Ligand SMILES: C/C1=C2N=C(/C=C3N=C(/C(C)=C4\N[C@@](C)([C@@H]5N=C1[C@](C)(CCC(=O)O)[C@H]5CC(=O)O)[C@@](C)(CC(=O)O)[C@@H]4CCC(=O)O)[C@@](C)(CC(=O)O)[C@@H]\3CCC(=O)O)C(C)(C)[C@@H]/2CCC(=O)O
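Here we start with a single chain on its own, the form predicted on its own, put down as C-alpha cells.
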Amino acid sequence: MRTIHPIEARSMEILRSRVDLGALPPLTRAVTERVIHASADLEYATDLVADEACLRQGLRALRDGAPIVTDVAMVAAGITARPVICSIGDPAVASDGLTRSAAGIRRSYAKTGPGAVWVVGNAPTALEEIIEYGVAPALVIGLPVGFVGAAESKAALRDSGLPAVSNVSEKGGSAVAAAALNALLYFEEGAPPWSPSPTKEDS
C-alpha cells in the first residue's frame, strides 16, 4: 500500500470540502480528484471526460505490465511508480516533416507495439499522431495544453473511439496528465481513497 503523507491527505480533505465527486464511479472519481489535486483547479470536475469502462481497461493493462509511453520528458518525470518510455529526445527521432513530439510517438510505437498506455500532456501534435498512426492503445490519457490545437486534438480523440481520458477546454499540461496516470497506478479496490497512513501514535 502506498504511504500517503498527512499533507496530501489534508489537501484532499480541502478538495472534498469544495467539490463533491462522491457520485462518480470509483476510477473516474480517483482520476478526477487527482487531476484537481495536481492543478488546484476545480473546473476539472466538469471539464474532464472519462469513461469508467475505458479506465478499467487501462487499469487492467497496467496491472498486466503494459508499457507506459509519454509525449514529453516533463510528463515522464511525474510518473515515478513505473518505468516510462519517452522518445522525444532520442537521437534517432527524425522529423520527416513532423514535429519532434509526433516523430517521438512513431519511435515509441516501434519500441512498444500495440497495447500500451499513452499519456500526452504537452503536444497536440503528439495526440494527433496517436490517433492517426494506429497505435492500438489500451488507454490514451490525452490532456495537452495550449491555444493552438489542444482543444481540437482532444475533441478528435473523443471522436476517434479510442479508449481515452480527455478534457474539453484548452487547459491541460504535464502535471495533470501524469496525475491522471498516477491515479490508476495508485488505485486500490475497496480502499478508502486518500486516507493517511497511521502514525506511531495511531497504531
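Sequential numbering from 1, following the sequence displayed. None of these values were measured; they are calculated from a predicted model.
The following text describes the form predicted in complex with the ligand, which does not appear among the structures shown.
- Using a 4.5 angstroms threshold between heavy atoms, S108 stays clear of the ligand in the predicted bound form.
- The ligand is not shown here, and in the predicted bound form it never comes within 4.5 Å of any heavy atom of T112.
- At the 4.5 Å threshold, heavy atoms of G146 reach the ligand in the predicted bound form.
- Although the partner is absent here, G173 is a contact residue: one of its heavy atoms lies within 4.5 angstroms of the ligand in the predicted bound form.
- Only one of V84, I88, A116, I131 comes within 4.5 Å of the ligand in the predicted bound form through a heavy atom, and that residue is I88.
- For the partner-free chain shown, V72, A73, M74 of 51-84 come within 4.5 angstroms of the ligand in the predicted bound form, judged by any non-hydrogen atom.
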